[in-house]
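In structure tokens, one chain follows: the form predicted on its own.
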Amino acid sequence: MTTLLTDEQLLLRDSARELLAARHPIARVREWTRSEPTRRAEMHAALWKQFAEMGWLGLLLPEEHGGMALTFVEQTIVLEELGRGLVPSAYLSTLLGTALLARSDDAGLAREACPRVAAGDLVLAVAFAEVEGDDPTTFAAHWSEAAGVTGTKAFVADVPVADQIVVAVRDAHDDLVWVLVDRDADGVTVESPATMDETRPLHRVTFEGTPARLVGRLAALWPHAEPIHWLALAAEAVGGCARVLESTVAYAKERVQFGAPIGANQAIKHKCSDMLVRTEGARAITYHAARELERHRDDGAFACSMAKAYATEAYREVAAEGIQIHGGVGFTWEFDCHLFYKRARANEITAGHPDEHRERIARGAGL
């Protein structure tokens, strides 16, 4: 196994890092968190246009759908850089939604939607969990062609900037299916409660007889899309770990206490070394998962589950250590540490806590 990237992949990484550093630095992330919804939508639209111009929105899509037909490794590179910049965008949601639409039972839907995604003309949100949790067997939201969608979905990211929402519901036969809803359709109500991670707000969406288009059965589509979600969260975690490590080491070199940089203390060196080990471990397992998902769908899902568990947990630990090394100022608004820690805490529990993934891995290994 190798985590070495090709020259073309390194070029993709460098161009992504340069673009995000120039067009969307952490100062702009802070501006976004303080802005009104209208301003946030304007900032997102400008960023989305840049993503489309760079070809990032269609990395995995085939060329006939306007995509670049690249691999999960290239997709992971972009996600890592987005995590590194803590960029508030609907990229992850659209990636997940596109994975569902691309395998829709309705071939016409895939032909319509995928080119629009690649061109930057379609932003997607995915509504899966409900207030009671993310166990599909407990879902109460239901749909029929005649009556539309009725029910409430919780913890939905990126709804304010989405054009359409892919929703998990029960059909008239009590089967779990995915349907596609226009964000501005009749009967859609969005509530935005306060959440810990200001850079990725979560929303509660209520549907009341909302018209929808059938995408396909949940059991057929979710096993394909869910590992992509795990991999995306792991890749974001790797980028976040790297950014926290770099800023923390820089601070330890600059912060002087008792006449010497705090980085000269052995205890601080040990903490930074542990952060480096966790970051590189997260990177190794995440890129291994990307390659496995590209080669073998079943084994890749297993590897993505492992990567999600390790990388998101490492992110939380690295972010916490970063705050500790910064001392009392680490959780103040003037420093960036707390922003990364909040994203780390949110990503750790999204799409399954690490303990849930370890249990899945253990069962898969026959333990």
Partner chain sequence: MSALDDWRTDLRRWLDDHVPAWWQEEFAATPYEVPERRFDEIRAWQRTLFDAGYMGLTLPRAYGGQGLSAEHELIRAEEMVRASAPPIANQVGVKQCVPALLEYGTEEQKRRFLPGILSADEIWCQGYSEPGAGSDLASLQTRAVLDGDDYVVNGTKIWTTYGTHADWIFALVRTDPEARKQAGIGFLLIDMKSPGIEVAPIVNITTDVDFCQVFFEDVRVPAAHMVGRPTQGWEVANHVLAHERGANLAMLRFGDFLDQIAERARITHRAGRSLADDPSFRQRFAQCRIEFEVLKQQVLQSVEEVRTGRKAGPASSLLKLQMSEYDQRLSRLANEAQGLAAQHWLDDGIDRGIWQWRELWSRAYTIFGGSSEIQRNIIAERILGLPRTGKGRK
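It should be emphasised that the depicted structure is a prediction, and the values quoted were computed from it without experimental measurement. Residue numbers count along the first chain shown, from 1.
We do not show the form predicted together with the partner chain, though everything after this point is about it.
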query: Whether V249, V277 and H288 all lie within 4.5 angstroms of the partner chain in the predicted bound form by heavy atom; finding: yes
query: In the predicted bound form, segment of 299-307, 48-56, 61-69, 35-43 with a heavy atom within 4.5 Å of the partner chain; finding: 299-307
query: Contact assignment for the partner chain in the predicted bound form, among V190, A172, A185, A284, heavy atom within 4.5 Å; finding: A284
query: The partner chain contact in the predicted bound form: T195, any heavy atom under 4.5 Å; finding: no
query: The partner chain contact in the predicted bound form: R13, any heavy atom under 4.5 Å; finding: no
query: Proximity of E18 to the partner chain in the predicted bound form, heavy atoms at 4.5 Å; finding: no
query: Q266 within 4.5 Å of the partner chain in the predicted bound form, heavy atoms; finding: yes
query: Residues of stretch 248-275 in contact with the partner chain in the predicted bound form (4.5 Å, non-hydrogen atom); finding: V249, A252, K253, V256, F258, G259, A260, P261, G263, A264, N265, Q266, K269, H270, C272, S273, D274
